Ligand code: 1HN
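There is one chain below, alone, in structure tokens, taken in the form predicted on its own.
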């Protein structure tokens, strides 16, 4: 590839004149922003073992009362982006949030989209626009952009969940902000949702609801059953995977980040091609190895890892008798909408 001129090749007087007019020559930096063949990636392969961070999260519950924290969260930060930037990848924010019995995290709404993947505990709930979503391990709860939401706990044990937000992108676009609110009145319970039966939609007056987010709560008991059934009915399927979608449209449940659940059959190894999007893997049940070119992470239940884009990944279930279940997050919906999504097969 042609070698381009360097900034220092230009006369100092010329460079100073450019600076004075807020101008920058492109060619010395062109390869930095348009590298040949593959993008420059700051996202590093990294794993956050839950049993190592859990004591620190519980200690935060002792050190910082809810009224001093609003949301008691430890951010899973990727060192490739700088810990102070609180990014797991260029577009994904991850945080482990703790709610103790009797606590209430006050209502607010914000522009970033968020989901909650429940990690442990019972008795807590999220209320979204009046819809109360009770939390159980493995459940996915949406708190989409602009919707009022709050968290409460009327149980007897700590509850922890993984927050996944598109905050880095929304912040980069200078559109990230929050609005504080008052405690919501509960108008419905997500457990009663008619959308929990696959292939069946509520049709009052022969019309769909038309809501941008008709389903806010995806119980793990239903998702797990779908994966187990799929594995039994399609033993030769390349991968046992389901996506979290809008039940009325079949589109991704949110527009920027996408979510899915994957079952690794006993002893199964799955080779994933290099995709343009960075990928987060969170272990719901069982254990798995996540391997890339030079690194391998052994995931136990509730462990989380992030793999940069344009990187082939191998997933392996080391158990010969039990399946392993993973939750997956990426920014494929955004990349597809922008025409940037790629799969590079070897």
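Numbering follows the first chain given and starts at 1. Worth saying up front: this structure is predicted, and the values here are computed from it rather than measured.
There is another form of this protein, the form predicted in complex with the named molecule, and it is not shown here; the text below is about that form.
Although the partner is absent here, residue 140 lies well away from the named molecule in the predicted complex, with no heavy atom inside 4.5 Å. In the predicted complex, the named molecule lies farther than 4.5 Å from every heavy atom of residue 246.
For residue 71, a non-hydrogen atom is located within 4.5 Å of the named molecule in the predicted complex, even though that partner is not displayed. Using a 4.5 Å cutoff between non-hydrogen atoms, residue 120 does not count as a contact of the named molecule in the predicted complex. Using a 4.5 Å cut-off to the named molecule in the predicted complex, each of 93, 108 and 151 places a heavy atom inside that distance. Contact with the named molecule in the predicted complex, judged as any non-hydrogen atom within 4.5 angstroms, is confined among 182 to 190, 159 to 167, 220 to 228, 248 to 256 to 159 to 167. Taking 97, 145, 136, 260 one by one, only a single residue has any non-hydrogen atom within 4.5 Å of the named molecule in the predicted complex, and it is 97.
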